[in-house]
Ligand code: CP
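Below you will find one chain, with nothing else, as structure tokens; this is the form predicted alone, and questions on how it binds or moves follow later.
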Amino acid sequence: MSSLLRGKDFITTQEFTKEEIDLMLDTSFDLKRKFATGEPHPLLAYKTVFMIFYDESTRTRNSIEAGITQLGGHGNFLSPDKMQAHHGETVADTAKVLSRFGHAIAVRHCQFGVGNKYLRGLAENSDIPVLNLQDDIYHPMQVLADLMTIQERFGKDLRHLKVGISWAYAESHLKPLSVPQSQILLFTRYGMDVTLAYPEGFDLMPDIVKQAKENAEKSGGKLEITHSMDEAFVDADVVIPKSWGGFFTIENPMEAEQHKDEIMQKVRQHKDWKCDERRMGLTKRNSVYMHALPADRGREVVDSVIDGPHSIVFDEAENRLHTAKAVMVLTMGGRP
């Protein structure tokens, strides 16, 4: 099974066929069953994944580290300030050295205009799989767990399932574009009818939106864009309201790091973009509320929604473990 994807980098789901993604999901469900029943599954015994985190993490780090342990291997946490990269070692040299030591390199690097390029540089020089734990463009681990969670609730045939993906107000930090971008790319490949909502100026990357629209055309789904949060909620089966940085509110998005205060001023102009009981009332009766977490409670969402009957955020969070394990098994595994 794992020979199909063995050695392949996992940087964006867009680079995998739908059949390959289905294999990842099937493997995730199987590993979830084994975890629930206490069945040992050391499929990656004695294998090592190097985990490089340029950004903070709760679900991502722990799903990878716990996951590789449950698979019989070892996760080696690497903080960039403790690596020679901090002193100028090149991406190529880092990749070549770690390739000699273990079996995968997993990286989170979300700095806008930098993260994905760093991962691509590692992948070009690595002899082992490079796994994207979130960059500035993509978050494939999160969206795979999202899709698994949706399938648990609505079944495998997701054609014309109505999904509202909306920007929401938050001030904790300027969150990357990678979660909503990965969602519109993958959900449209499964024929879902996606409504993407955000205030003017909070656009996603144009090339990503173009690709998502092409995905929708091929699958028979839809991708519609609106500047009304309510429109994303009307008759929705799934709603995913989450903040992301307004990097396109400045003249040159690549200079976002130098304009954080300016972008945050734009964010504060839209405090009414909040997921509350009124908006959930616009959705279908059996709709679900999802969020990658951590949610900015009281801003992105009110407590009565995230802790209420529509919320499946902790099912979604748990599935980060099972999908991470599936990706590692399929890319790091192989014949004994």
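Numbers for residues come from their place in the sequence shown, where the first is 1. All values reported here derive from a predicted model rather than from experimental measurement.
Only in words, not in the display: the form predicted in complex with ligand CP, which the text now covers.
*Asks:* Of these, 142, 181, 132, 243, which has a heavy atom no more than 4.5 Å from ligand CP in the predicted complex?
*Replies:* None of the others qualify; the residue that does is 142.
*Asks:* I need to confirm a contact call. Of 108, 162, 189, 175, which residue comes within 4.5 Å of ligand CP in the predicted complex, counting heavy atoms only?
*Replies:* So the residue touching ligand CP in the predicted complex, by this definition, is 108.
*Asks:* Examine residue 57 and determine whether its closest non-hydrogen atom to ligand CP in the predicted complex is within 4.5 angstroms.
*Replies:* Residue-level check for residue 57: yes, a contact with ligand CP.
*Asks:* Would residue 308 show up as a contact with ligand CP in the predicted complex if we use heavy atoms at 4.5 Å?
*Replies:* Taking the distances in the predicted complex, the answer for residue 308 is no, it never comes within 4.5 Å of ligand CP.
*Asks:* Applying a 4.5 Å heavy atom distance criterion, does residue 325 contact ligand CP in the predicted complex?
*Replies:* Residue 325: no, not in contact with ligand CP in the predicted complex.
*Asks:* Is the gap between residue 293 and ligand CP in the predicted complex 4.5 Å or less for some heavy atom pair?
*Replies:* Taking the distances in the predicted complex, the answer for residue 293 is yes, it comes within 4.5 Å of ligand CP.
*Asks:* From the candidate stretches 298 to 306, 59 to 67, 37 to 45, 280 to 288, select the single one in contact with ligand CP in the predicted complex, where contact means a heavy atom within 4.5 Å.
*Replies:* Contact-bearing stretch, as computed: 59 to 67.
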